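The form predicted on its own is given below as one chain in structure tokens.
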């Protein structure tokens, strides 16, 4: 069987079981209405999609070239990197409005947040820096010089490590979050774009866009331990360009956006096997899962839309037009105290 349907069904059953309903005082609480926030790189905006109705509910104008987007741990703020404005914009997901902007260095491409919400991390593509900011004061805490064209950015679940990828240097840089010192520079495959930790923090998965694979590194030893390969009938290998990687909350599945292949690969994290390939919009960059793991939302940069994938059935259920050149999506959960 081409995609090992039986093992996929078992993985999805466990996946769905890992998302229990919210309980308040012994009763099941009403479901939270999730919104997807999608950055439009050339549209200078964020499109907000109501994931109950699967319709656009708002468009938030921004400064120039929004790309990377991240949600604070308390779900009360959304950070957007504005590459051509050298800023980070902060959006209130309840008010659906920009509440603050601050200088973030030259050409910020991606932004991430420490698990305690106190520190912001930014990859500055033009200046070859990984920069640290105080999340409350927005003061620059320091920076680490990395390779050429840093883009990918990930923080370990325990907050102790920050990882940046550099597209031209073809490296993954491991940085100590407390001391802001580089621990290791690891050469990987050509043009690494995205990095993500597995939920248990044991591995770092890195997409190699031109290399055409995903490199799996041991987070403790900083050594390459495996690679995930992609072979899609009818497509030339040079058109399969992995970029975004989205991990399921239980760490069993990885959804890999394959760029100009116009597909998302569903990968079994343990076996490294591709279980299924989903046809989405053109030039898929990144994707995000809803906190309840019901939907995967992909940003398709050429067709100016998002594809909504039902995770249980692994089928695309909706295409929704957004702004020009959607790049990444973020989906906050309910606000926390």
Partner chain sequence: MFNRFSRPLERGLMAAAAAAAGLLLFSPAAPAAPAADAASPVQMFKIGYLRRAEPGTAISRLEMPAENNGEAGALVGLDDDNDTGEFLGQKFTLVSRRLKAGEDAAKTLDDLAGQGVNFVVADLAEGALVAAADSPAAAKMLIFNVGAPDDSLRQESCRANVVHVAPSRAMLADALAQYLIWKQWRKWFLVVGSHPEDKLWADDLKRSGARFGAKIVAERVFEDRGGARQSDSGVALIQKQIPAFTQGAPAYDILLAADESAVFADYLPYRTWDPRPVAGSAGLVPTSWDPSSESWGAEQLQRRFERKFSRRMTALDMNAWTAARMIGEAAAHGAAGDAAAMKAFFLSKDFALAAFKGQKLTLRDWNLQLRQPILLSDGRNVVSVSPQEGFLHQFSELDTLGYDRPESKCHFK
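These numbers were taken from a predicted model, which means no experiment stands behind them. Positions refer to the first chain, counted from 1.
Beyond the structure shown, there is the form predicted together with its partner chain, which is absent from this document and is the topic of what follows.
Which of 244 to 252, 216 to 224, 153 to 161, 80 to 88 lines the interface with its partner chain in the predicted complex (heavy atom within 4.5 Å):
Careful reading of the contacts points to 80 to 88.
Can residue 126 be called a contact residue for its partner chain in the predicted complex at 4.5 Å between heavy atoms?
Judged by the heavy-atom cut-off of 4.5 Å, residue 126 is in contact with its partner chain in the predicted complex.
So in the predicted complex, is its partner chain close enough to residue 107 to count as touching (4.5 Å, heavy atoms)?
Looking in the predicted complex, residue contacts with its partner chain include residue 107, since a heavy atom lies within 4.5 Å.
Is there any non-hydrogen atom of residue 185 lying within 4.5 Å of its partner chain in the predicted complex?
The answer is yes: residue 185 has a heavy atom within 4.5 Å of its partner chain.
Exercise: residue 148 in contact with its partner chain in the predicted complex, heavy atom 4.5 Å:
Contact check for residue 148: yes, within 4.5 Å of its partner chain in the predicted complex.
By the heavy atom within 4.5 Å rule, which residue out of 202, 168, 114, 75 makes contact with its partner chain in the predicted complex?
Flagged contact: 168.
Within 4.5 Å of its partner chain in the predicted complex, which residues of 223 to 256 have a heavy atom? Give them in sequence order, or say none.
The stretch 223 to 256, when checked against its partner chain in the predicted complex, contributes 236, 237, 238, 241 at the 4.5 Å heavy-atom cut-off.
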